[in-house]
Ligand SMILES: Cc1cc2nc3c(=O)[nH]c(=O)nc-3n(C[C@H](O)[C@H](O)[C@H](O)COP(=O)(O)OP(=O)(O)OC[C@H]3O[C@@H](n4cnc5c(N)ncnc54)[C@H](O)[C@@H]3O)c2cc1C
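Starting off, we have a lone chain in the form predicted on its own, written out as structure tokens.
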Amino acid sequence: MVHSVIIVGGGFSGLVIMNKFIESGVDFLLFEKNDRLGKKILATGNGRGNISNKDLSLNHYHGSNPSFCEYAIKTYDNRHIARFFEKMGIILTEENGRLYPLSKQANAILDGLRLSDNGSVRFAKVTDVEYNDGIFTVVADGKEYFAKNVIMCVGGKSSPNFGTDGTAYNLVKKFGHKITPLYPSLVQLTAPKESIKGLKGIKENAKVTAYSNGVKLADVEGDLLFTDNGISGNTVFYLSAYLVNAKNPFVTVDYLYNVNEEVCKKSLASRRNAYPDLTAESFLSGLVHSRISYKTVSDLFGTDFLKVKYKEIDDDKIDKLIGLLKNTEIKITGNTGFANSQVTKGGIDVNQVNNTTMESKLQKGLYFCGEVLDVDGDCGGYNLQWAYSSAMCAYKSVIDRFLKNKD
């Protein structure tokens, strides 16, 4: 039997296309190598299901040719994805620009996507894709399946615990497709031990700015979390996309970005005058976490800071302490790798793919969706929006061809 379509991969984009084909009555098979569909969806938005963003401007997307995704994102935008899920009874809500299901649970998204499974899903690993005489042969667990079109929704190399280990890129190399260099993105960053000493487990609201060779790349406000070997949190996931190829990378942290600086200085001067004989390690407590206070004071006064009394901290030193809290520099030594990243930067060269249909320019009937392409988005729902938008482009192309041949 020759199917109209075979979908390789049962993640977000694959399930979107599956639902659309069922709705349209197109004959298809979907292959998923894991024992269940959409495992990675459950981790989206820390389990809360962040699938899009109110701001879909293209500066939130990256790759060798970011403009490639413009048509897809603008044509199938956040309003389009909202209508798609509303038909399933899933209402989206906004929080700080991010779009979530009303329940704030990622399983609501997955449950909606797999509700319509009509028995066309096969839990088997695809090991080869070939093309001869107008027909694709897809080999899965040693068996051959045939189709007029193949849509690759195989993900990237990040989070191999979900089955996305990067091996699926090999399936398309035989068609002449180039794979751009792959890097982990939306990932924790590592830093020298001395720059984060004593701060493990602390979570602060801050403004974090990323630099390459002293040139500002981007900044973001939000959670900053200190880990065993570096920094994490929403701010770091966001900036990691910019720091992958950075030269001499570092970040600066402003703990007081939403506080009046002069008020802080007056408050600290009053504290000094009220408690002149207290020692300096607690001087900044109340402005920041006590351990950040401790480290900042030690950075300024050196190893003898425990002997420094409040009364010895003059206005000039208060200015310097405030300066450190507003501009703490942390050198970035790397990241925690693909195993701990949410998204892959790099992938199938988009210059070999049609940007309105996601069809290969090298092989008719071969399509790519989502993370497998050299397009990655910022933290905040941008990557699932791209998965959806690219899936809709591929679906529209295949369904138009299906209806034309049907006539």
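Since we're looking at a predicted model, the values are computed, not measured. Start at 1 with the first residue shown and count on from there.
There is another form of this protein, the form predicted together with the ligand, and it is not shown here; the text below is about that form.
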A168: touches the ligand in the model of the complex, heavy atom cutoff 4.5 angstroms: yes
Interface membership of S389, the ligand in the model of the complex, 4.5 Å heavy atom rule: no
4.5 Å heavy atom contact, E371 to the ligand in the model of the complex: yes
Partner proximity in the model of the complex: F31 to the ligand, non-hydrogen atom cutoff 4.5 Å: yes
The ligand in the model of the complex reached by all of V126, C153 and S341, non-hydrogen atom within 4.5 Å: yes
Per-stretch contact check against the ligand in the model of the complex, the hit in 309-317, 82-90, 223-231, 118-126 (non-hydrogen atom, 4.5 angstroms): 118-126
In the model of the complex, the one of T209, T164, Q188, T328 near the ligand [non-hydrogen atom within 4.5 angstroms]: T164
Residues from 1-18 in contact with the ligand (non-hydrogen atom within 4.5 Å) in the model of the complex: V8, G9, G10, G11, F12, S13, G14
